[in-house]
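Consider the single chain below, provided in structure tokens and representing the form predicted alone.
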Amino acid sequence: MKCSEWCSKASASFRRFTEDRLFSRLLPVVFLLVLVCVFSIATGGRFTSAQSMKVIVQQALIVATVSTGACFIFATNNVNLAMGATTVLTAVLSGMAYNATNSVVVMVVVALLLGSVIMTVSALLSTLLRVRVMFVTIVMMSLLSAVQESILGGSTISLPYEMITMLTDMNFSYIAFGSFFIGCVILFHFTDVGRSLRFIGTNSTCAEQTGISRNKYMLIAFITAGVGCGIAALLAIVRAASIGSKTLSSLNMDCMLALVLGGMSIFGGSKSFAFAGVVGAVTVCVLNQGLLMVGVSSSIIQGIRGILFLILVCTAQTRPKGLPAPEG
């Protein structure tokens, strides 16, 4: 057998292996475990201390919430670049709502409604004007950031310590994230909504010809993502007790990297799954915390994350074949 023929067959075999559904879901978990082991050895065990793990979990909750909601949009072969800006502006206005009313209920309602409304507007602009989601969300990202800056200026919105303590003691962050995640898993993997979204990502023309309304399911995807942004805004408030111009500044990049590290195909479609956001979010936060603990500067960390993202995207340029299976 000639060398070129052997290489061709080996490449085809490797491609079939990497496109296997089980492989794509197990590899991110293996990579996460390897990272934990490497950083634990490099830091003499300090990385796996209780305090370090607590920091990672607190950071991962916010990224995982946004990323889990973003899975619904990602599954349709679209990218939303305004997730971070939506979350931050929602946190700002929710914090202001609490300070004006002293009501946690009002703060929660404002966060959920505002996140959903912003995402609904983005969905309608994309579907009604027939403009790709990426271009619409680039404009929305700039617009939302400008609104945030005009509201905050150079100031910071602080929340009462008593309210933050109360929500922390009742494990609000874990309950909110857990409820949202379970709801997303059920919606994405056990209903026609998830299957339709994956079908649209695989072949939108074929999906529409079989009676699936792209506009309808895109709206559902964006509203779900908006609820995730609202919950993430509340988690950010509980974690930091204040919202400033630098709050969650890297959230958008964290979410994009989390989805790719979690095993989501950049094309969406049949290989999409709701667990990717959580696995990827933990991986991103492990990577950030580990590099900081071994003495890498924050600017270099940003560069490493960017390079890693490019490598992952470039190695996943082959669109997966096949329609989504009923079990997700």
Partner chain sequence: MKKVLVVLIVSLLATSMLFAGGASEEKGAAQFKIGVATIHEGETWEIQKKYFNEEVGPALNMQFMFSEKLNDANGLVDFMDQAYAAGCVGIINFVTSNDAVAQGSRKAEEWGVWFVTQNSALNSNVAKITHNLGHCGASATGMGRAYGEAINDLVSDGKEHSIFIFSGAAVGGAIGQGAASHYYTVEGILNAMKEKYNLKYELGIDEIINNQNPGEVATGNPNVKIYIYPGTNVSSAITAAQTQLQNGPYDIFAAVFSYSSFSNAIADVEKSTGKNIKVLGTVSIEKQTSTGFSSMDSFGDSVLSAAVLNPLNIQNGMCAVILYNALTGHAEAMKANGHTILFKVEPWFCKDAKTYENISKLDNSHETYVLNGEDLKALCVENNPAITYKDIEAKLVELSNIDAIIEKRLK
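From a predicted model like this one, the values you see are computed outputs, not experimental measurements. Residue numbers count along the first chain shown, from 1. Each form is matched to the other, and the largest set of C-alpha atoms that superpose within 1.5 Å is called the rigid core.
This next part talks about the form predicted in complex with the partner chain, which is not shown.
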Check your understanding: At 4.5 angstroms, heavy atoms only, are 289, 292 and 298 all close to the partner chain in the model of the complex?
Key -> yes
Exercise for review: Consider residue 102 of the chain shown here, and say whether it contacts the partner chain in the model of the complex, taking contact as heavy atoms within 4.5 Å.
Suggested key: no
Check your understanding: Wondering, does residue 236 line up within 4.5 Å of the partner chain in the model of the complex on heavy atoms?
Key -> yes
Check your understanding: For residue 116, is any heavy atom within 4.5 Å of the partner chain in the model of the complex, or not?
Key -> no
Check your understanding: Hey, in the model of the complex, does residue 155 get a heavy atom within 4.5 angstroms of the partner chain?
Key -> yes
Practice item. Spot the stretch among 221 to 229, 108 to 116, 155 to 163, 175 to 183 with residues whose non-hydrogen atoms come within 4.5 Å of the partner chain in the model of the complex. Key: 155 to 163
Exercise for review: Scan 178 to 206 and note down the residues that get a heavy atom within 4.5 Å of the partner chain in the model of the complex; none is a fine answer too.
Suggested key: none
Point to revise | Rigid core superposition, residue 278 Cα moves 2 angstroms or more between this form and the one not shown | key: no
